[in-house]
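Single chain ahead, by itself, as structure tokens, in the form predicted on its own.
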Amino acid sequence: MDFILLIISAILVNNIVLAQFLGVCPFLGVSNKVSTAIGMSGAVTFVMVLATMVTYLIYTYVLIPLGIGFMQTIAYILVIASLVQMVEIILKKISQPLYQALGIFLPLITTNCAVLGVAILVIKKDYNLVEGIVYGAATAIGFGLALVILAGIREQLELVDVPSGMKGAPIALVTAGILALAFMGFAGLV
């Protein structure tokens, strides 16, 4: 039962983008097309789950025993950067169109504060390894859900007559705000 509450909370109630405002850069930058949003969601999910697991192990079995827990953020950034490079190499070999579609936003996963934030929150919330992995996966799913929903709405907005002053980033920000308000409706679930 605890895992179900953790999953629902991470996906809907405390959505990393819409409630905690982490990972807004790729959220707004890659949400032009649903296909690109799905690819980015997959890449972020892979990196977030793997980063959560590796950073937890590094913190628990390296940083704390050596008494250098204060190096947590630096160590996490190095791990995340390495994982993103691995994902970039894999995507370049497996799916060239997706690699091209993600463009500059793929290396930006390295500086995606959602990935770093989840790794830090796992330690801050005192989760064990399994809870941390579940939390990381659920948070990544929540990120992907918000990203795909926004991408779908933005694709539909291309078909309507939006005032010229609101085209592009302004309408995306207004839409993201309304989406965040809609997700606030889930606050009573957990």
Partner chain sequence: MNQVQNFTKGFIKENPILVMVLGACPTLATTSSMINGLGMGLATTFVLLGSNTVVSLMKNLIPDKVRIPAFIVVIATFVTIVDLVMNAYVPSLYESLGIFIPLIVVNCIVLGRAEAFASKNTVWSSVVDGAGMGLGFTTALGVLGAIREILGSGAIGGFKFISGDGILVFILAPGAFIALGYMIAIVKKINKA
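What you see is a predicted model, and the numbers here were worked out from it, not measured in a lab. Residue numbers count along the first chain shown, from 1.
Separately, the form predicted in complex with the partner chain exists; it is not shown, and the next lines address it.
A heavy atom within 4.5 Å of the partner chain in the model of the complex is found for one listed residue only; from Ile149, Leu121, Ile141, Val47, this is Leu121. Residue contact with the partner chain in the model of the complex: Ile11 places no heavy atom within 4.5 Å of it. Within 4.5 Å of some heavy atom of the partner chain in the model of the complex lies at least one heavy atom of Gly165. The shortest heavy atom separation between Leu28 and the partner chain in the model of the complex is within 4.5 Å. In the model of the complex, the partner chain lies farther than 4.5 Å from every heavy atom of Gln96. Contacts between 48-77 and the partner chain, taken as any heavy atom within 4.5 Å in the model of the complex, involve Phe70, Thr73, Ile74, Ile77.
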